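Okay, here we've got a single chain as structure tokens, the form predicted on its own, with questions on binding and movement later.
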């Protein structure tokens, strides 16, 4: 990752412009060409430096389901289970934790019932129990990782 990529990732963490040409807006802010910004974002995704680039919605307000889930995965299975879990399109984030429940992720589904269906399928694929911890109250934390 070069300095331009770092500037780009830092800029994208502040939000993506809601403009007719958002990549152009970001490009102008960083002194780049629109096509270069688009190519760099795609390369960061292709190289796995960015795991996700896209909008975030409050699924419940759109009639969907959203929950925090966790698993207790044996260290020797962790990489395999991570790939299995991340293959589900319903997984929005997946983080490793230093805790008995060492894998935490967010599930977002088109319907509230889709959460349990996804958990059932995930348990079948991985062989591990998924602990469902639905949201009781929402807080905004503005998490940002400066590069």
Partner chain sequence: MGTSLQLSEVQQQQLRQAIQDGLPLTPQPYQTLATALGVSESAVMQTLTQWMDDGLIKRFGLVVKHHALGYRSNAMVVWDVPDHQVDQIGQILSQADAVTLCYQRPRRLPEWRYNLFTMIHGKSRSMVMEQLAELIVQHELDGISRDVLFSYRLFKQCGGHYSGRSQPVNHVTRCHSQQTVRSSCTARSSRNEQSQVAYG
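Quick caveat: nothing in here was measured; it's all calculated off a predicted structure. Residue numbers count along the first chain shown, from 1. Just so we're on the same page, rigid core means the largest C-alpha set that superposes within 1.5 Å between forms.
Keep in mind that the form predicted in complex with the partner chain is not shown, yet the notes after this line are about it.
key: Contact test in the predicted bound form: residue 89 vs the partner chain, heavy atoms, 4.5 Å   = Although the partner chain is absent here, residue 89 would touch it in the predicted bound form, with heavy atoms inside 4.5 Å.
message = Although the partner isn't part of this model, could you tell me whether residue 18 comes within 4.5 Å of the partner chain in the predicted bound form, counting any heavy atom of the residue?
response = Yes, contact at 4.5 Å.
is_contact(residue 34, the partner chain) in the predicted bound form, heavy atom dist at most 4.5 Å = Contact with the partner chain, yes.
inquiry  = Is residue 133 part of the interface with the partner chain in the predicted bound form - any heavy atom within 4.5 Å?
reply    = Answer yes; at least one heavy atom of residue 133 falls within 4.5 Å of the partner chain in the predicted bound form.
In the predicted bound form, residues of 83-103 near the partner chain [heavy atom within 4.5 Å] = 86, 88, 89, 90, 91, 92, 93, 94, 95, 96, 97, 98, 99, 101 sit within 4.5 Å of the partner.
Shift of residue 127 between this form and the one not shown at or above 2 Å (CA, core fit) = Moves: no, less than 2 Å.
ask   = Any CA movement of 2 Å or more for residue 52 between this form and the one not shown, core superposed?
value = Moves: yes, 2 Å or greater.
inquiry  = When the rigid core is used for the superposition, does residue 26 move between this form and the one not shown (threshold: C-alpha shift of 2 Å or more)?
reply    = Yes, residue 26 moves 2 Å or more.
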